[in-house]
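Listed next as C-alpha cells is one chain, alone, in the form predicted alone.
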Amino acid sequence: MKPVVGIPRALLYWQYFPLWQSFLEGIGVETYLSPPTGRQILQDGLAALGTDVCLPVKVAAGHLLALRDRVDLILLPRLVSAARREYACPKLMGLPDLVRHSLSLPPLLSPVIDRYRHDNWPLIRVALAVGRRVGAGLPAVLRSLARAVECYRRYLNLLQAGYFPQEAWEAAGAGQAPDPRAPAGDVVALIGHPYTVYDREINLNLLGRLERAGLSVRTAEQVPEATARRAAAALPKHLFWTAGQQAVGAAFHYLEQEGVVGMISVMSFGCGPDSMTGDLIARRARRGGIIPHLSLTLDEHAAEAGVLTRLEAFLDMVAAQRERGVVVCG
C-alpha cells in the first residue's frame, strides 16, 4: 500500500502544485493538501519558528504542522536552482533542514532541484527519487512524469492567458484550453512572489479588493518568462535570484504597457531579496512618474486598517489618473 503524501499549501505550492499533483496521482499515490491559510495556521507557525524568519516561512511551518497527523510523508523539495547560473531564495534551499530540526513531522520527501551548472534533467531525477521512496516502478514514473509535464505546460499557458492559479489548475487538470482572458477594464499590476500575492490571509485579500474596485489585476506569473527576462536585462547587472528576476522583469514589462494604470509591489518583512527587488521596481516606477506605485510590506502583525488606508489612497490616485485619461507609463 502506497503512503499518503501531504502537500503544504505554501511557498512552492503556488508555482508547482499542478505538476506535483498530476505526477503523484499518476503513480497511484494519494495526496492530502493542507487547508487554506488561516489565523490558526499562522499562529502555529509563528509559535514553532519564532521571529527570526520571514512571514512566508512561518506560514509554511503552520501548514506543515497542519499535515502532521494526517499523512505518512510530506513533499517538501529542496529548490537550490531552477535556471542556469541562478539561485533560489536561501529559505527554499534550507527549509527542509530548518523544519526537521524545529518541528516534529512525518518523514519528508525532499528531492534536490539544482540546475545551477549543468543538470538538464532535474525533473527526471526528482521523479525517480520520489518514485523509489513510494514504491513506484520506473515505467509508471516515466509515464506519469510525461503526463504531469504536459499538464503543467497547460497550466502555464493558462496563466499567461490571464487566468489565476486556482482556475488555471482546474482547467489544466481537466485538459481544457479556455480562450485567453482579456482585461475587463484598466489594469493594476500586482507584483510579488506567488505565495504572497495569492494567499488571501497573508495579503488581506488584496487581489479581491482590487477587483471589487473595478480594476483588472495582472501578476508576475502571467508574463512569459522570456518576456520578463528581456525586460529585466535593462538592469546594469544580472539578477541571480530567479524569482526576483521574474518579479522585476514583469514589473518593467507592465510599466511599458498601455492600459496599466497602477502598480503594487507586495513584499514580506524580513526578506532580503524582496528588499532589493522591491526597491528596483519602485525606482523604475518613480522614474516613469506617470502611474501610481504602492509598496506594501506585510508581516504577521499587519493591521488591516493600516493596509486598507494605504490601499484606499492608492486607489484614489488611480482614479485621478483615469479621470485625466493617463493610462500609459513609459
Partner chain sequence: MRLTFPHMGNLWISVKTMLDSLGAPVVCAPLTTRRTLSLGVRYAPEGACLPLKLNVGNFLEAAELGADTVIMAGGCGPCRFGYYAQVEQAVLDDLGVSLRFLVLEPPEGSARELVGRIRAITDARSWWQVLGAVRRGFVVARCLDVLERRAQSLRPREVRPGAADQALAAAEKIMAGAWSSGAAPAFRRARALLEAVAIEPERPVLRVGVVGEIFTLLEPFVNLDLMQRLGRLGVEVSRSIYLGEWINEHLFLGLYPGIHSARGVRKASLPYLGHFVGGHGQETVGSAVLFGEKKLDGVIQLLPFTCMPEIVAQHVLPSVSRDLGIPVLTLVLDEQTGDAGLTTRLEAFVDMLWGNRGGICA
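Every value quoted in this text rests on a predicted model; they were computed, and no experiment measured them. Positions refer to the first chain, counted from 1.
A second form of this protein, the form predicted together with its partner chain, is not displayed here; the remarks below concern that form.
Asker: Checking a candidate spot here: are Tyr16, Leu24 and Ala136 all in contact with its partner chain in the predicted complex (at least one heavy atom each within 4.5 Å)?
Answerer: Not a single residue of the candidate spot has a heavy atom within 4.5 Å of its partner chain in the predicted complex.
Asker: Does Ser275 reach its partner chain in the predicted complex if we count a contact as any heavy atom within 4.5 Å?
Answerer: Contact check for Ser275: yes, within 4.5 Å of its partner chain in the predicted complex.
Asker: Any chance Gly289 has a heavy atom within 4.5 Å of its partner chain in the predicted complex?
Answerer: Output for Gly289 is no: heavy atoms all beyond 4.5 Å of its partner chain.
Asker: According to a 4.5 angstroms non-hydrogen atom cut-off, is Arg115 in contact with its partner chain in the predicted complex?
Answerer: Taking the distances in the predicted complex, the answer for Arg115 is no, it never comes within 4.5 Å of its partner chain.
Asker: Can you tell me if Asp52 lies within 4.5 angstroms of its partner chain in the predicted complex, counting non-hydrogen atoms only?
Answerer: Close contact exists here: in the predicted complex, Asp52 approaches its partner chain to within 4.5 Å, heavy atoms only.
Asker: Sort through His253, Arg78, Arg229, Arg154 and report the residue having a heavy atom within 4.5 Å of its partner chain in the predicted complex.
Answerer: Among His253, Arg78, Arg229, Arg154, a heavy atom within 4.5 Å of its partner chain in the predicted complex occurs only for Arg78.
Asker: Check each of Tyr163, Tyr198, Trp169, Tyr87 and return the one that places a heavy atom within 4.5 angstroms of its partner chain in the predicted complex.
Answerer: When its partner chain is considered in the predicted complex, the option within 4.5 Å is Tyr87.
Asker: If contact means any heavy atom within 4.5 Å, which of 275-283, 257-265, 24-32, 62-70 contacts its partner chain in the predicted complex?
Answerer: Of the options given, it is 275-283.
Asker: Within 204-241, which residues come within 4.5 Å of its partner chain in the predicted complex, counting heavy atoms only?
Answerer: Leu235, Pro236, Lys237, His238, Leu239, Phe240, Trp241 sit within 4.5 Å of the partner.
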